[in-house]
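Okay, so here's just one chain, in structure tokens, the form predicted alone.
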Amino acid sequence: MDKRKIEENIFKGLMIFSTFIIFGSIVFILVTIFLKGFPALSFDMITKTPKGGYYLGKEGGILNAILGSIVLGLGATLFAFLISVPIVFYLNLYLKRKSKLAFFIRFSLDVLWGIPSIVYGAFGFVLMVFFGFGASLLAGIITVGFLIIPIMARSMDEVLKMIPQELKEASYALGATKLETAVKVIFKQAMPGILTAVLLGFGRAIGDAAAVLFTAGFTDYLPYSLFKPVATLPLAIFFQLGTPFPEVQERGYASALILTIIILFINISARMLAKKFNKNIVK
């Protein structure tokens, strides 16, 4: 057999094996969470807040954590989006692709992407001490927002880099400014990719525990103020799985199942929206 053919078959086998590992891992995780969490899932768990001794096996639910995660995730995603969009449009419309400043910005975002979330939590805690306020929803939003800015910005940046240069030049030729080109042409062209980037950021925001451990705190109450602690699903899962009571541990798996369903719903919604906006894409 030809040497090049053997080499191709080897790498093809490695790709198939890697794909199988990833797919098998996802299936294993989902099946484990479903089998352990579904029997403990109940209507009360979704619709009620924790009562006294909930984490000791008594009555109540995790409605506070569900709503807290959604509110914190949406707030952090909006905060990161408002900062990421100007960054990526400045990189792709106002700077030359190979300029030193563009390289430095992208390099900085890559470094920030790789920093562990617990470091962001420590950073948020330092900000809290500096400004003199305690654990709160606002502190969690700001901390998680900084955590997902590099994820969102770099994802959007890669999308905008794939937009044909001719499309920008055609817009300039018609008399449009760079700002008008960004808002009316590039934004629509990149909308599916931008939605995907927002999805990645929201998924990270709603599922992170380390960044909110010191900043958002935890409470048995529903979120009602930016300046009060807020419960989140990752911390609720952590606390439930850390107890010695089997019944509470089963509720932890049920909470993980709820979090998985929320993220799955967001994924499906984003895919549907991206498909809707694909009609604006220049093929």
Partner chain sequence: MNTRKFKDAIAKKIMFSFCVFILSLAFLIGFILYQKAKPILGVQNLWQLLLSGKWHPTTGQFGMAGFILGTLWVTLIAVFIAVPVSILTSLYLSEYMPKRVKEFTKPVIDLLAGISPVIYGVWGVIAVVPFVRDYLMPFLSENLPFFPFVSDNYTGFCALSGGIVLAIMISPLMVSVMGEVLGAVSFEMRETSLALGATRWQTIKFVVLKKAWPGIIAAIILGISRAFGETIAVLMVAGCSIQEFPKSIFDTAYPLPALIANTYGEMMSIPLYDSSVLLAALILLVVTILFNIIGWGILFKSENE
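This one's a predicted model, so the numbers in the text were calculated from it and none came from an experiment. Residue numbers count along the first chain shown, from 1.
Not on display, but discussed next: the form predicted together with its partner chain.
Participant: Would you mind picking the one in 71, 87, 160, 138 that has a heavy atom within 4.5 Å of its partner chain in the predicted bound form?
Facilitator: Contact check passes for 87.
Participant: Do residue 133 and its partner chain come within 4.5 Å of each other in the predicted bound form, heavy atoms counted?
Facilitator: Residue-level check for residue 133: no, no contact with its partner chain.
Participant: Whether residue 274 contacts its partner chain in the predicted bound form should be assessed with a 4.5 Å heavy atom distance threshold; does it?
Facilitator: Judged by the heavy-atom cut-off of 4.5 Å, residue 274 is well away from its partner chain in the predicted bound form.
Participant: At the 4.5 Å heavy atom threshold, is residue 267 in contact with its partner chain in the predicted bound form?
Facilitator: Yes, residue 267 is a contact residue.
Participant: At the 4.5 Å heavy atom threshold, is residue 253 in contact with its partner chain in the predicted bound form?
Facilitator: Because a heavy atom of residue 253 falls inside 4.5 Å of its partner chain in the predicted bound form, the answer is yes.
Participant: Do heavy atoms from each of 83, 94 and 108 fall within 4.5 Å of its partner chain in the predicted bound form?
Facilitator: Verified in the predicted bound form; spot residues all in contact, yes.
Participant: Check each residue of 209-227 against its partner chain in the predicted bound form and list those with a heavy atom within 4.5 Å, in sequence order.
Facilitator: If the 4.5 Å heavy-atom criterion is applied to its partner chain in the predicted bound form, 209-227 yields 209, 210, 213, 214.
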